[in-house]
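Take a look at the structure tokens below, where one protein chain is shown in two forms, each on its own, as structure 1 and structure 2.
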Structure 1
């Protein structure tokens, strides 16, 4: 076998994918590019969630906690100390990981599993939302506007003149995030986590330290999620407790991996590729429907109903997500 053959296939896919992505800005207009940015951003967040919710089987309904910690940490370091958001991102990831360790320890210590664990994560996120709404030094519920300094700067991660640089930035983060994820999945830790997901008691009986590995999964997942939160702050210029610690963020984060396929490498990306443009497509469909459906033109709200209906159909008929469906079809073709 050649050297290339020994590298897990997922790394090669990732490198090929990123190389292809880097050419996109020369094809796409600004509108299409901003959708591409959102896809990669949700894919990154989905991958982060998937480590904990998919591979370790610890379903989180409160990833907004990590996300908000990331957004607020990098923003406060930027506005108060003028620290580059790249460093702020690392600090946010570290803080979120610490929070994840504390949260993981407390919840696993008391043996919370399944829906009870999910509810606990939800409670932690709500806790942070309510506390941050009261904290004066982060401007309470009013939120923080990121200072715009004009022009482009990689150091400040702000691109007023060339927004395609945001695409390169998220591509870098996406690459790093997936690199971490793939190496983790192919490591011992990855196998421990999957063993824990399949049967905790059996894994423990074989000598897997449940507490240690579950907490590790929460910490890594939380750290990666925080990076997404920092990117949000830099890209949308405004954060508030409602926006970054709110329930909608927790839901949006897990939507991609669940649609795409939990516990798979590429599921979160496939999910983001499906969910993000779907919102745009249903909006465009209602805006300019085909002739025979002209009576629905411009009916506000219909696009959201259509979006919801499609999601329900996908979940009903593809319990293993789009990636699961793809695998099934592929198996059938091979046979």
Structure 2
């Protein structure tokens, strides 16, 4: 067997994908590049959620808690201490992981499962949103504007002259996030998490420490989510409690994995490839509808309704996600 034959296929796919992505900015205009950045951004966040919700089977409805911790940590370290956002990302990931350990221990210690665990994660995110809205040292609910340095700076993660560098930055984070995910899925930890997802009682009977591995999944998932929150702060130059701890963030994070396929390596990426352009297309459709639908032009909120309706149809007819549908079709072709 050759050396390449001994490398798991997912690693080879990731390397090939990243090499292809590095050439992409040459073929895209500014708008298309911004969509590509958002696709990789949501794919990273979806992969983080998938470790906990897809592989460990612990459905979270409060990943905004980790996201906001990452955004505020890197922002405060930058604005108060002048620390590079790259270091701020690591600090935010560490704090989010610690918060995940505490949250996981408290919820699992008292046996919360299924919808009760999901509601508990939502409660933690809302708690952080309410607390941060009252803290003066982070400017309460007013939010924080990040200082602009002008020009391009990899150290400050700001690119005024060459915005395509944001694409390269998110590609680096995407590569690191998926490398961690693939490594974990193909490790003993990954097999334990999948055993816990399928049947906790059976996994415990076989000697799997449920508390340890579920808390570990929450911590790793939270740390990777915080990195996405840090990138958001640098990309949009503004954060607020409602923006980074709010319910919409938690929903947006889990949409990709659910549409693409939970408990799969590439489901979050496939979901992001579907959901992100779909949002732009529905907005464009309502802004400039065909002539026979001119009465819906510019109707506020109609694009969101259309977007939601399409997602509902996808979920109803493809309960295993787009990746699951692809596997089913491939199995039929092979037969």
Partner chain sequence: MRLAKRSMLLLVLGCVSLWAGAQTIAIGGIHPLTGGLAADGIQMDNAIQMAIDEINEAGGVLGGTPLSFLSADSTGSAEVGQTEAERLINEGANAIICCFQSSVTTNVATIAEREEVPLVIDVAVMDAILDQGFTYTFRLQPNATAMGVNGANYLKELAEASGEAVDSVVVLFEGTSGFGDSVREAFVAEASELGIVVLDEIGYEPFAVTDLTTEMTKINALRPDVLVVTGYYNDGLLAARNAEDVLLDVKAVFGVAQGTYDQAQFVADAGDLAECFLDSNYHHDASNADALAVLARYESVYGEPMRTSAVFSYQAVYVIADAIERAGSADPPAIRDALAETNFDDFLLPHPGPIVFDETGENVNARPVLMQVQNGSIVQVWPPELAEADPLFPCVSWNR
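Since this is a predicted model, take the numbers as computed values, not measurements. We call the rigid core the largest set of C-alpha positions that still match within 1.5 Å between the two forms. Residue numbers count along the first chain shown, from 1.
The second of the two structures is the form predicted on its own. Relative to the superposed core, residue 294 undergoes a C-alpha shift of no less than 2 Å between the two structures.
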